[in-house]
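Before any questions on binding or motion, here is one chain by itself as structure tokens, the form predicted on its own.
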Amino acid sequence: MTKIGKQCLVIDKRDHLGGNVFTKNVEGINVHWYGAHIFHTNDKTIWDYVNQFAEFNRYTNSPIANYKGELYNLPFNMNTFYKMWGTKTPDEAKAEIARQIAHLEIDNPKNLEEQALKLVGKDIYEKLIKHYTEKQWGKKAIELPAFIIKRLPVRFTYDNNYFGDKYQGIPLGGYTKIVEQLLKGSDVLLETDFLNDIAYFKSKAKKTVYTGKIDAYYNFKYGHLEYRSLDFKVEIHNRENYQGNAVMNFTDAETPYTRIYEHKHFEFGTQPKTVITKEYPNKNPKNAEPYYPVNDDNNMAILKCYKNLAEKEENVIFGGRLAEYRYYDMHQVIASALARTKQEIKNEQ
């Protein structure tokens, strides 16, 4: 908005810019401080937009699943099926999946377990999905909605490219560099909680864009919306290479963490040391940083109450994962923000 002559004040309760895409330089390595963020999109307009703020490398996400020391390629593809069953053709892999689930008669999956079994069969579900998902969400797979697993790609080709989007990569210099460019010309208040004095901060602007938790904005009038949260443990290792890949998922029940990120591999680093992050599911998400909305029927009913209040707000825009209580990838939230900005400019004309 500064490009069209607007004055902008950005308020963040943390002590740094960038929110969850904040990257911190450790041992010369850009560490994704709040978990890995890999930019990907098929929309050239979005790709061109972000590239005006930083140059992107050619990183392609090809994670590895580690089940008790057995390593499998992700997303589920012919490499995964060959390692699991020795199948070499798509027809062989499809036949093996069909054989494993024939007796289950799953036509309309009612939960995540049934959806996963229908997609990839019992072996892959048991080794690579069930325990990982239950760790991540803190619930049994049969208690989770089927749509969660539908985001996972299943391919009958030898292709380890997780996202498959035409444009993808990591910004050279880290995401913080992009945020600093985005906020050029804006005033910034760090270590300041907007919710401590909503009326005062709203009085400072003609329009407010709120990206925090929508239930917190209304002081939890209708109860707390549920989120899954994460804890991160950063480790510096005096070796050049820790695991040989940027992302490794640990899919057994016994390993307490879900993933290890080795950050130098996001930017093809050659530093003498390496930095890893172990990602743990948070045991007390109510009082932790919110990451993933739990979009079940109960939470969606609560959200509807808050949305009714939000629609009556004057000069307040609720946007982003927390304010809209929905899962967004980075390219999706940028597209949403650009569309809303165009609409606001149009409304003023």
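Being a predicted model, the structure only gives us computed values, none of them experimental. Note that residue numbering follows the sequence shown and begins at 1.
The form predicted together with a small molecule exists for this protein as well; it is not shown, and the discussion that follows is about that form.
This chain lacks the partner; the member of Tyr292, Tyr67, Tyr59, Phe53 within 4.5 angstroms of the small molecule in the predicted bound form by a non-hydrogen atom is Tyr292. Interface residue among Tyr217, Phe266, Tyr132, Tyr227 relative to the small molecule in the predicted bound form, by the heavy atom within 4.5 Å criterion: Tyr132. In the predicted bound form, the small molecule lies farther than 4.5 Å from every heavy atom of Ala246. When the small molecule is considered in the predicted bound form, Lys88 lies well away from it, no heavy atom lying within 4.5 Å. Contact annotation: Lys213 falls outside 4.5 Å of the small molecule in the predicted bound form, judged by heavy atom distances.
The shortest heavy atom separation between Tyr162 and the small molecule in the predicted bound form is within 4.5 Å.
Heavy atoms within 4.5 Å of the small molecule in the predicted bound form belong, among the stretches 232 to 240, 205 to 213, 190 to 198, 247 to 255, to residues of 247 to 255. The candidate spot formed by Leu128, Ile148 and Tyr327 is fully in contact with the small molecule in the predicted bound form: every one of the three has a heavy atom within 4.5 Å.
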